[in-house]
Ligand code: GLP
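What follows is one chain in structure tokens, specifically the form predicted on its own.
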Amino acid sequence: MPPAPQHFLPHTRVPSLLLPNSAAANRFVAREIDKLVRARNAAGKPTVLGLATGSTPVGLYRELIRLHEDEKLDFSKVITFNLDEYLPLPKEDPHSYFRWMHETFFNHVNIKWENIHIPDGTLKPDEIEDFCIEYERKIRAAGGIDIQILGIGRTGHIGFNEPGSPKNSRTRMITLDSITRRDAAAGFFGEENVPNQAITMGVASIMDARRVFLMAFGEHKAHCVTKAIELPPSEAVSASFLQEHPDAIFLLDPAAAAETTAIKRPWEVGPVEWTPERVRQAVVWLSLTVRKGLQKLNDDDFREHHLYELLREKGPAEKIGEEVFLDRLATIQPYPAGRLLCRKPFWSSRRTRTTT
């Protein structure tokens, strides 16, 4: 089977690879991990992985399990550090990341128990600071993280580094954003059951990793992905700090990339082929942007919104607007479900009042 088509999106501040689906992204990252682990094993050295939880990396972990079972990928020298954990939450709780990681991944490969590191959700308040300092020390003692796996939350967070997290932040306790808690509500059977706090590796902890792979799938991630890869780095979107990482890459499916300039307005980032579909996309967007009807668009509207080429190739503006208007008009169906000729008007069944 030939490899699935993929390409890097233009006009992004961090390399962003568009793949046809999440399965292709999972295979891509799994291959990179596979190559590193085998090379390190052959040299007698450990591989240090930073791992994420949630729905995004499930497919990756399944692919790594397959590589272990079918292609003998050996995890005996792999050391792992998880990004975060809810607080307070017992390890045996069905919602704990400790339990989730073991059930989803660790129980299915030959990783050593002592090589697994996950933030402790059972800590007492006076134990948290020392634990976080020790967690950072263990990462350094292991030689630093070779590959860090990330998802992205709707607030643009990586780990649980909510908006306002500084670039120099390290492993610490953090209060969760209301959006993050709302997104987790279904898994906890109600928002009121979601813990208010968590322990998370900081932005600086993540930035220290030698390589970073951030995976994002689905239309609900499109808005935060676009802010993270196209707008300047900001504490408002902690994932945007990855723009300053020397070897970070975003891996996106079409839905997660849908709001990027290269997909939504490709004429702004380079030449495009003006197919009927592309013309329709551009002109409808222009009409909504300038708040004019399709038949009222003029040449200046096109020139002022990066649509010079369209105007030159298909213009003038009045002709383009008229053609798109007629194209849209032809799609209108007055009876989309089919006209029932035998059906009586609703008013025909009403009783008529008579007067005497």
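Note that residue numbering begins at 1 and tracks the sequence as displayed. Nothing here was measured: the structure is a model prediction, and the numbers come from that model.
In what follows, reference is made to the form predicted together with the ligand, a form of this protein that is not presented.
The candidate spot formed by N26, F213 and F250 lies out of contact with the ligand in the predicted bound form, as no residue has a heavy atom within 4.5 Å of it.
Heavy atoms within 4.5 Å of the ligand in the predicted bound form belong, among the stretches 67-75, 155-163, 122-130, 231-239, to residues of 155-163. In the predicted bound form, A257 stays away from the ligand, with no heavy atom inside 4.5 Å. A residue is said to contact a partner when one of its heavy atoms sits within 4.5 Å of a partner heavy atom; G151 meets this definition for the ligand in the predicted bound form.
In the predicted bound form, T53 approaches the ligand with a heavy atom inside 4.5 Å. Using a 4.5 angstroms threshold between heavy atoms, L83 counts as touching the ligand in the predicted bound form. Residue in contact with the ligand in the predicted bound form (any heavy atom within 4.5 Å), chosen from T226, S169, T180, N115: T180. In this stretch, 90-118, the one residue having a heavy atom within 4.5 Å of the ligand in the predicted bound form is Y97; the partner itself is omitted from this view.
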